[in-house]
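Before any questions on how it binds or moves, here is one chain, the form predicted on its own, in structure tokens.
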């Protein structure tokens, strides 16, 4: 088909950063997109909170309004791009669009993580599709990779850096030796972090994305709130230095693995070995490592946020919807199906090395006390770093320990035991360690 074919008319709901980028791509790259889709894709209507605001877009004023009904009730529009964040009114908008027969493309990971089964079931009842590549890793085509390209594989594990804001903060702290609060302010000034950065830095954003990825990979639905998560607020420049001394960097890593039908998941700051792909993922980039039983380990890397990378994924989903690929994938993969088995994260151990920083009182016998507690819990030690305590505040010094591989349950019990002892000042820090 060529540009003489009947055009497809699209409604864009939300003209923020991503929505404006989507309109810009559809208008400015119209010829290329027509070739990819086999027919023209036209922005018929747009909805936003402030239609009068100048966004530098080539949209006639009478095509932009505050009323979603201009999209949902327009029978000429077959595809809607829902680019509004949060849960409400995004959920109500999604329902209205589906009820009125629109295929929907969205970048809203919070909406899918919270209401995915309900919304996907509604779409199936209405014979419509929902495409959401941009909701998980920005411009990285990870949803298509898992749902289509790796369909012959049984996925064994996923590891990923899924939040560009936290990755920018951690890599900048490492590079500049700066503190968390200082780098957070820089991230906000550059537009990488919101005025309220909580969902990025406390691990919520990455956890919601992991829930969606795990469903795609393992075919079970895990409520994202049940996934253990730890944010990056407790990472300081001293931790960065200790990790570097041992040959590691610290990244916020999302992990999901399956073994013997059991599922283990978490999002937490993690030591990753310098020279490995996750360790070399810097700035506002995302990265995902997947292990399939047939293909082995595969690695995906790219910008996980920002206007045009995310807009690229949205427009790709629009094209897939227009040509019919999205409908086939949606119908055949069972993604977020209401009948998908619900799953709880099992208590299985992830057997890994661990990094432990304990702030101890500088007096004889402390080291043997700490190592003795670790030994009681069956944990062997690979290395210990204890710098010259001269000048240490209040006679408290950091003791840095790298363990050999052990189960997460054992290390958690050992750390609780250590923190309850009278030789420790404050809470210890325990991070998992990835060497590959």
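Treat the numbers as computed from the prediction; the structure is a model and nothing was measured. Numbering follows the first chain given and starts at 1.
Absent from the display: the form predicted together with a small molecule. The rest refers to it.
Within this chain, residue 258 is remote from the site of the small molecule in the predicted complex, having no heavy atom within 4.5 Å. Among residues of the shown chain, residue 192 is one whose heavy atoms approach the small molecule to within 4.5 Å in the predicted complex. By the criterion of a heavy atom within 4.5 Å, residue 304 is counted among the residues contacting the small molecule in the predicted complex. Looking at residue 129, you'd find every heavy atom of it more than 4.5 angstroms from the small molecule in the predicted complex. Distance criterion of 4.5 Å from any heavy atom to the small molecule in the predicted complex singles out 162 from the list 267, 162, 81, 313. Of the candidate stretches 192-200, 87-95, 210-218, 70-78, only 192-200 contains residues with a heavy atom within 4.5 Å of the small molecule in the predicted complex.
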